[in-house]
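Quick heads-up: it's one chain on its own, the form predicted on its own, in structure tokens.
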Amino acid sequence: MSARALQRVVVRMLYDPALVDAIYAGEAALADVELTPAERAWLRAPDRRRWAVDPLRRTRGLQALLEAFPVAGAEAAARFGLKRLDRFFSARAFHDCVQSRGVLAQAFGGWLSGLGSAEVRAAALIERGIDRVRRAPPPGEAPPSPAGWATAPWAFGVALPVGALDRWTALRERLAAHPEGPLAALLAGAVDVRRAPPLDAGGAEGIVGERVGAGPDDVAVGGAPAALGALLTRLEIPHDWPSTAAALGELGAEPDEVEAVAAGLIGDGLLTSG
């Protein structure tokens, strides 16, 4: 295997004591990584206590992630407790992300959205979109469009239960009003999520976010048709034109309107084509 791949295994071990236990016990750990017997021996060579020399590593990592997911974190902490959120560092999502050199915040947002709460999922998908847009260059500095039709890197869209945007906005404002900031409010449980506007699972609304300036925090989030939010989610993975046209048709565009609708979305800065 490559030295970089082995290094990623080391990072995983530094965060997950269960993985350390499995490797030192000689269990069939790391089935996702091709390791030679010598490489497995290298991982077991140090005194195993050295893997736990920094007991606050996971805590610092979780706090950094929660800074990008304040509302989703508050929603999840209120329902499951902060200890449940710490389990991310033992989850498949974490290990796959590190081993594939993915974006940890994006993996965390996906993991949060799967915890089983509609409120957590809604907030996580909004904040995951914001995080993705923040990482993208502004429109004037963007690289060439990927092959196919895709959601612009400086935009995101989701379709969520009615009330998701109002709930997320209200909780974000309450967290931000804490004198020590949103993260402190989240960790202290200072915001009662039960008093936030409820979701209505009987309907759907779209939520769209866009970069509106050169700064990484210049992201505007607002309401949109649910169909548009669903389309932008689907096209986060580039599609060819026939697939894109079919998606537009499924979401209500008439056959003779499909090309005009697609051109309009490009003009609005929501889609790119290459």
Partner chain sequence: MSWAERVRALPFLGIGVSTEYGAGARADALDLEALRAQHPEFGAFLEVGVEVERGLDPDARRWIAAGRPTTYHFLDVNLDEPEDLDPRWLGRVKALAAEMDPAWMCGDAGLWHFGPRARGHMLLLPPILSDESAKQMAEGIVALREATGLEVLPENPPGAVYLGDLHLLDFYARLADYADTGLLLDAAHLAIYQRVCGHGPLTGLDGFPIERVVEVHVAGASQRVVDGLVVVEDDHTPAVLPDTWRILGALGPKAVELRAVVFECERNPLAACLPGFARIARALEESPFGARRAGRGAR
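As the structure is a prediction and not an experimental result, all values here were calculated from the model. Positions refer to the first chain, counted from 1.
We do not show the form predicted in complex with its partner chain, though everything after this point is about it.
Review point. Quick one: does residue 43 come within 4.5 Å of its partner chain in the predicted complex, counting heavy atoms only?
Key: Heavy-atom contact with its partner chain at 4.5 Å: present for residue 43.
Check your understanding: residue 83 near its partner chain in the predicted complex, any heavy atom under 4.5 Å?
Key -> Residue 83 lies outside the contact set for its partner chain.
Check your understanding: Does residue 227 reach its partner chain in the predicted complex, with heavy atoms at most 4.5 Å apart?
Key -> Taking the distances in the predicted complex, the answer for residue 227 is no, it never comes within 4.5 Å of its partner chain.
Point to revise | Contact of residue 98 with its partner chain in the predicted complex (heavy atom, 4.5 Å) | key: Contact check for residue 98: yes, within 4.5 Å of its partner chain in the predicted complex.
Review point. Considering 221, 245, 33, 68, which brings a non-hydrogen atom within 4.5 Å of its partner chain in the predicted complex?
Key: When its partner chain is considered in the predicted complex, the option within 4.5 Å is 68.
Exercise for review: Scan 198, 179, 137, 203 and let me know which has any heavy atom within 4.5 Å of its partner chain in the predicted complex.
Suggested key: Comparing distances to its partner chain in the predicted complex, the residue within 4.5 Å is 137.
Review point. 158-166, 75-83, 184-192, 101-109: which one contacts its partner chain in the predicted complex at 4.5 Å, heavy atom to heavy atom?
Key: That would be stretch 101-109.
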